[in-house]
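Quick setup: one chain, the form predicted on its own, written in structure tokens, and binding and motion questions come after.
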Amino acid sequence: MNKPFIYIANWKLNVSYAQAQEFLTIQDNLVHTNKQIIVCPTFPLLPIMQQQLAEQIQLGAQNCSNFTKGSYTGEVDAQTLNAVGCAYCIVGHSERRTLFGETDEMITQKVALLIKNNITPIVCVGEQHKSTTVQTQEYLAQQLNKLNLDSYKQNSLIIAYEPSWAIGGGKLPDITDITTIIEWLQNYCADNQLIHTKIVYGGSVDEGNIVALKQIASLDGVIIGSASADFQKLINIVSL
């Protein structure tokens, strides 16, 4: 049997409590053989989602703190995320880096805390501006090397290639270019003995390009952003 294709629904700040309740009534339409679904709602929605999610759908968070406890108003720690049922957590998303000033050092700390608390990190990396393939590879190497991921050779990780310039604007890079970068990331993981690491793509994933993306043999899955907040679109994407 082929490996399960991973669909990560990053709801961002686009799904309300009422809409999350609606999702729970239609979630069975997302359950397919050999497809892995991960839903990442906002923090307040995590407990209710954990209680009512279908067994085949897994729960993820959109972020976590790089602290364990203390006077850090508004932060949510990895231990609490584990307690409310999160199996995955997104870290290093370009929106966190650009809008909230998160650094590679902070992301490295988050990865360590997530792994310590048995949560698989979904580590986002990607160039800010459209670049040549060589420039992108050099930039990704710099990002990844700073994160010390080779410290977690025996742990499960997901690396998400998300070029910042492609997020939210419908500007999907050329499939050939994505394929080249995904293959480069696979080789990077092999060279660093990250044997339990999966590679996914994120950035304007929708119904119009999911079929082409799934043709990339070395791609393990996708992160779906804005389109995942439209549940019919999400169902269509997973069904294709």
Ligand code: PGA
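From a predicted model like this one, the values you see are computed outputs, not experimental measurements. Residues carry their position along the shown sequence, with the first being 1.
Below, we refer to the form predicted in complex with this ligand, which is not included among the displayed structures.
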property: Stretch from 210 to 218, 51 to 59, 197 to 205, 32 to 40 whose residues place a heavy atom within 4.5 Å of this ligand in the predicted bound form; result: 197 to 205
property: Contact label in the predicted bound form: V91 to this ligand, heavy atom within 4.5 Å; result: no
property: Proximity of E127 to this ligand in the predicted bound form, heavy atoms at 4.5 Å; result: no
property: Exercise: E95 in contact with this ligand in the predicted bound form, heavy atom 4.5 Å; result: yes
property: Proximity of L147 to this ligand in the predicted bound form, heavy atoms at 4.5 Å; result: no
property: Members of 43 to 61 lying within 4.5 angstroms of this ligand, judged by heavy atom, in the predicted bound form; result: none
